[in-house]
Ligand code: DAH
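As a starting point, one isolated chain is supplied in structure tokens, in the form predicted on its own.
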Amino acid sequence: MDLQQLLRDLGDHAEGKIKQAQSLAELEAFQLHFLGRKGELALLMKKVAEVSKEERPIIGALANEVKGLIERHLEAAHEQLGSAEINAQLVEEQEDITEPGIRPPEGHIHVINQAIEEITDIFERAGFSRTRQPEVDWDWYAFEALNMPKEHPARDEWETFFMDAPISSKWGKMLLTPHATSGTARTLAQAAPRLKKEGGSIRSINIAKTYRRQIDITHVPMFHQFDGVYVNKQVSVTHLLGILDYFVKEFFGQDRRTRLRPFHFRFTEPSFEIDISCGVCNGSGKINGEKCRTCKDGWLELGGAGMLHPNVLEAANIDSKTYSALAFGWGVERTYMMKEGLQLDDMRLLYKNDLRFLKQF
């Protein structure tokens, strides 16, 4: 029998077998048997070398025709058997459409955003308006407007990220703002014309991202600070103590203790450090007989505060003989670490994106 007839017989034989297939698995077996690398068609094509050169193109065209025919029969049978299997499955399986579905997991806002919302709400109830200031700022607002002139050694404490950008003759270098107090300097400058023309007061809080080259269990390079300022006639330390006491009671609860320590900031005079008892060791300084990793001695520094330095008011064109002001500020992350009932001993956990940690809040 010549090769052409063998190819035609293969096509007819494959068609008959495919039509007899009872399942998709059997159909797949037929595909390998007839069209696989070691299948019937491949074995016949090895005999092409035995025919004359004139007949080879005819054999090649016929082989492609047979292959296409087998593929079409396979496709038709696959569609028919697939539909049959689906219909059989639908008959056997019934779905209760009244049963509640599985609710997909839902996220929530990050714990720091929750803290920012809570802090904002607390100060809004005390009459403070939240402002938003740039994260990239000028040297003038970050330092000089805050009574830290050029070359002053106090600047070395901030571990500042300076930008690779042109230096302004008026504003100095560009930088990633190292503290939210630079936003307070902007707020004062923006409100100065209104105070001069209409009088009144400033009661503002700036909550922003800040940047410093520090990282350990209580520091991260990018963190959040809030900085509040109250400007009016005859503002005193009494007002400052009242605001701080109000915040601590609202945010931390009645069981946490605070203390003030005299300190020195260039932008306030007098100046204070505000400490709060550690929430990890409950102010004892020890956990299971060992020194607390977070506080070491039972106290954590909450932030700084004081009466705004007259030079800061004058830098914003506010008359320091008419107006006085108080200011306070500290980190949002550190504040939340000290919140009642929160056992967080490493600030870096807040930004590791570990869902096992974040789902707690």
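Think of the rigid core as the biggest set of C-alphas that the two forms share within 1.5 Å after superposition. This is a predicted model, so every value here is computed, not measured. Residue numbers here begin at 1 and follow the sequence given.
Beyond the structure shown, there is the form predicted in complex with the ligand, which is absent from this document and is the topic of what follows.
Note that among 100-108, 263-271, 246-254, 281-289, the stretch whose heavy atoms approach the ligand to within 4.5 Å in the predicted bound form is 263-271. Using a 4.5 Å heavy atom cutoff, none of G183, K233 and Y323 lies near the ligand in the predicted bound form. This chain appears without its partner; in the predicted bound form, the one residue of A315, A305, I70, L300 with a heavy atom within 4.5 Å of the ligand is A305. A heavy atom within 4.5 Å of the ligand in the predicted bound form is found for exactly one of H78, R203, R212, R155: R212. Although the partner is absent here, F328 sits close enough that one of its heavy atoms falls within 4.5 Å of the ligand in the predicted bound form. Put simply, H179 is close to the ligand in the predicted bound form: some heavy atom of it is within 4.5 Å. Shown alone here, Q225 lies within 4.5 Å of the ligand in the predicted bound form, counting heavy atoms only.
Fitting the two forms on the rigid core leaves the C-alpha of E301 displaced by at least 2 angstroms between the shown form and the other one.
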